[in-house]
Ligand code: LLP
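Only one chain comes next, encoded as structure tokens, the form predicted on its own.
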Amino acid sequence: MGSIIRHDKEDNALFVQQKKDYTINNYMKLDQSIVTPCYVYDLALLRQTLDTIISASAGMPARVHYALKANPDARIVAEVAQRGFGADCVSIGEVRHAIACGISADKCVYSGVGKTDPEIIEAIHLGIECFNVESLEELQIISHLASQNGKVAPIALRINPHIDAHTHHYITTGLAENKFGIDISLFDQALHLATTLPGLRFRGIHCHIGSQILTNEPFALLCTRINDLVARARQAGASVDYINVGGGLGVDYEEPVTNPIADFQGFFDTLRQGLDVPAGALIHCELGRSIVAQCGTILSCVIYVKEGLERHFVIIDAGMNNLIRPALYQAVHRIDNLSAPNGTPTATYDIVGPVCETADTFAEGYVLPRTRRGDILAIRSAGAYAESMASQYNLRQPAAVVYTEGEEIL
């Protein structure tokens, strides 16, 4: 049996005080001192996922950048760094953190629509690999700041290719009139600035069309758009050595235990077949959710089972401050009752947290084995955009973190 490495945050919520062990697939037993709610990260699954990416991209001129916004946990980022991955950063804080966790600055790409002057200057001095530039004005500002500091900043143009990723409108980023990126109709103007302004070194093209994309068709369309942009840039006399397709590959939220690893082979095969890569150029991708979502689980204790007139509520000690995705995106996560023996009759519940917001709801009309106070629930696929988006709303303390080495939570 692998080891369980525990890290508690002070004054956390409810201790699991039942006298019995909650056995998880006969491999891992919950230590009675582990507090809930807590994030459990399976490092063995993370490593298996990273190795799958390396295998699926073998033979390609490609570099994967881990999107730190998905989960900046230091242990996770260190594992990513050990595999030679780069970092996709959207703040100078993420750039600093990536470097502190072992990813060299020259493997960090910096995106984001609101880079401030001090952040740009620091990133230039750190020697990051590339700025993904998201507006014409940002090009002019980076040019001015780099020249003022006697530096040359490497830049790529983030172009919106007008591709519908068929995902939630909050996480669709590649359409026209989006706060992210430069509209494709402005490409020629942006290219002229990128190749003529002082203090800039134009490297290539960046696109990101959205998140939680479950088919390869949008990526195939993206390859066609990028090929056209690269060809136009080269026809204009620009050298292109950087082709960044962004991220967005989705995961199976409905059956995470059955499908713990995303379709990386299909994703990279689509890039292999679809991209026309100039000699000496490198394909860059920015994967986040698909790397870490399935290696994370939230464990939460049932505080009350509230019997309403028509609806029954399971009130747990995890809240939207620990996992905001259901409230923000209407996201669906699989939830299991780890305490209920096999064969327990089922009932239908609304599963809610303790936060003083009606939106603090994880599921409505959800079927679980009959649930009681003190039962432990597992909220699956919580490795991405859970801890990274956590807050202390209602002055709730940060959840504990537990690392496992291959134990299964079933």
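Just count from 1 along the sequence shown to find any residue number. Note that the structure is a prediction, hence the values are computed from the model and not measured.
There is also a form predicted together with the ligand; it is not shown, and the following applies to it.
Residues within 4.5 angstroms of the ligand in the model of the complex, judged by any non-hydrogen atom, belong to 210-218 and to none of the other stretches in 210-218, 195-203, 146-154, 276-284. Distance criterion of 4.5 Å from any heavy atom to the ligand in the model of the complex singles out Y385 from the list Y349, Y39, F362, Y385. Contact annotation: of the candidates K115, R325, K107, R225, the single residue with a non-hydrogen atom within 4.5 angstroms of the ligand in the model of the complex is R325.
Looking at Y304, you'd find every heavy atom of it more than 4.5 angstroms from the ligand in the model of the complex. Residue contact with the ligand in the model of the complex: G86 places no heavy atom within 4.5 Å of it. In the model of the complex, the ligand sits within 4.5 Å of a heavy atom of L249. The ligand in the model of the complex comes within 4.5 Å of no heavy atom belonging to N160.
Using a 4.5 Å cut-off on any heavy atom, the one residue of 108-124 that reaches the ligand in the model of the complex is S111.
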